[in-house]
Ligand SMILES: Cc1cc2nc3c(=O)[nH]c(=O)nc-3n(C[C@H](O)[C@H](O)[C@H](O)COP(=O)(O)OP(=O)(O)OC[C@H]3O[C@@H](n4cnc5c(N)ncnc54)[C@H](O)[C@@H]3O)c2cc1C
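Have a look below at one chain only, the form predicted on its own, in structure tokens format.
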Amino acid sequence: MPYKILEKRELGNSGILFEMILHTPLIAQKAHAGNFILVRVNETGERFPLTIADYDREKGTITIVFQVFGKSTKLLSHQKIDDEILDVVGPLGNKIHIQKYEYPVVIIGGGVGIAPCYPQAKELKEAGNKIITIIGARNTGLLFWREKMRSVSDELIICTDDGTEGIKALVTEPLEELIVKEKISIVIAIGPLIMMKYVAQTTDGSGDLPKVKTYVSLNPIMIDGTGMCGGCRFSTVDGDIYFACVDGPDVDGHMVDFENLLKRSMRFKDQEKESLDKYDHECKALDKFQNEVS
């Protein structure tokens, strides 16, 4: 059955970040931090994964946040309140393991990855943990959910690459300072692959800093989300093969072969650009036609 969009808003001032609340009663009943959904906007659309950014069991809703990157996310961004999405499948993937840790938990969100950090921080905070959150983006226009993250954090550190908000730094810089200053139980990083790679390198114990258990959230191309298609496979530094949809999406960041994963993430770059260009051309042609007949 189709799933109605109850709320939609633009985040930040970049024009490419959007938040939607969807009416999905059955998914909301089972959702936990770490889970994701597969979305197909219409009959000709592709299936793509989005991590659940929040859920409300009483209202029967889930929240998703996405950044316009290709044709499918742009198509989703064009949907309006009360429009219906054809397919929403989930919750998929493994929920994060919630427990009370001895030392603080550091949660790092980069760009659109800030959104899935929220339920993780919330559930870990409810379990009695001290939560230190670091959120970062290229500039202030790409930051969002500051107050939501502050509400589930004992400390919130904001970074921007250009210094337009918070401290001018990459997220790894305050992370290094925290590891030097106090013991950390675990680090959770969600964001661009390159960001998660450098977070994992910061905490792997290969340098002057002690090793800290680190989880990253992988969000590669997926089709079925149940381990059948193999599109989301990733290799480890030891050469083993895993699937992000069923073995993750949260996995041990120190085992991921990020170099291989970064290369795999670019393998459909040309096709994605061609698809987006075609969609943009069709949208412009439709707008022109509607203007002529109105």
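From 1 onward, residues are counted along the sequence shown. Since we're looking at a predicted model, the values are computed, not measured.
Heads up, the form predicted in complex with the ligand isn't pictured, but that's what we're talking about next.
Contact annotation: residue 253 falls outside 4.5 Å of the ligand in the model of the complex, judged by heavy atom distances. Taking the partner from the other structure, the ligand in the model of the complex has no heavy atom within 4.5 Å of any heavy atom of residue 235. By the criterion of a heavy atom within 4.5 Å, residue 257 is excluded from the residues contacting the ligand in the model of the complex. None of the heavy atoms of residue 40 is located within 4.5 Å of the ligand in the model of the complex. Taking a 4.5 Å heavy atom cutoff to the ligand in the model of the complex, the contact residue among 214, 219, 133, 129 is 219. Figure note: of the listed segments 159-167, 194-202, 72-80, 119-127, the one touching the ligand in the model of the complex, with heavy atoms no more than 4.5 Å away, is 72-80. Along 37-53, these residues reach a heavy atom to within 4.5 Å of the ligand in the model of the complex: 46, 47, 48, 49, 50, 51.
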